[in-house]
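Next up: a single chain in structure tokens, the form predicted alone.
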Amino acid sequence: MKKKETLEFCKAVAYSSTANLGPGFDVFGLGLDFFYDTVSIHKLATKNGKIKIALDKNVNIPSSAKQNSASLSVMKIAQKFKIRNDLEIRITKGVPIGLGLGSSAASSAAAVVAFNELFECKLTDNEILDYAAEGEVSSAGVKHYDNVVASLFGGFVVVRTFPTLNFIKINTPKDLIVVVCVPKIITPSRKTKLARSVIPKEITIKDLTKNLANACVMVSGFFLQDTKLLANGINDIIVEPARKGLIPGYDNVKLNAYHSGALAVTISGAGPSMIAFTNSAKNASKIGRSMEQGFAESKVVSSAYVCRPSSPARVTSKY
């Protein structure tokens, strides 16, 4: 595209996230500050309602506007507000793709924030969330909100969709540190949809009660700013046992992290990345190395990263 064709543009960034956090399936999300996506939306002079996706080289995400998470979200807003300008959406991926760190959510979150600012749509927070969740259809087959809400608003967020869509953001303890271990493995397309397919269709009241109690302990820990308490609630007996078989090295990674002082360990979102929680900055690197070793014992190369809760998605430039 020639620069003179661009009437205006807006650029935004949104961070990676981890969802579920054990018992909070489809309800809990936590933004993580290590990785982020950058999305810029260019408003063109022509008005044919067309969207072009521009990607960095070797980025393996859909370049079709009808399949890309960022453009799917933008298309819905454009339809609502009857915006016909042709657009170019440029996406710079920083969030690892298909590894349980909210890659598609970060792109759609940044895109919605940029579009809302560029066209002055004045969307409410709930509207921003709902439009950003449209992008998740590209990877999961359905709208879901846990990664998106964390990328949009940062920190720890509880989201629900019934009886209406709303969310609560809760401040995170100042000493909370999350160690993310990312395996370098090839995941199938629509990996999230596959991971959802292995979840039990029926569960017992006993198991539901245990998970509910653990989720309540987690939320209490966040409200009380108590990392040890919230970590004590990170224990999922429904979804994680069904998904662990999809992750080579799962048992060793988890065991090693606990032996190195982690307060809790679980799958990051739909996986295959694993996350450990600690309140010790001194211990974080040791935990990360032990998780890498756990994957290595299953002949999987991985990289561990020390993260803090993220800030919200934001506009970085506009003209």
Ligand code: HSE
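Numbers for residues come from their place in the sequence shown, where the first is 1. Every value quoted in this text rests on a predicted model; they were computed, and no experiment measured them.
Omitted here: the form predicted in complex with the ligand. The next part is about that form.
Residue contact with the ligand in the predicted complex: A19 places a heavy atom within 4.5 Å of it. Heavy atoms of A270 reach within 4.5 Å of the ligand in the predicted complex, making it an interface residue.
Although the partner is absent here, F25 is a contact residue: one of its heavy atoms lies within 4.5 angstroms of the ligand in the predicted complex. Contact check for N147: a non-hydrogen atom falls within 4.5 Å of the ligand in the predicted complex. Shown here without its partner, the chain carries N256, K286 and R289, none of which come within 4.5 Å of the ligand in the predicted complex through any heavy atom.
Across the options 79-87, 154-162, 138-146, 219-227, residues that bring heavy atoms within 4.5 Å of the ligand in the predicted complex belong to 138-146. Proximity to the ligand in the predicted complex, defined as a heavy atom within 4.5 Å, holds among K244, R196, K169, K93 only for R196.
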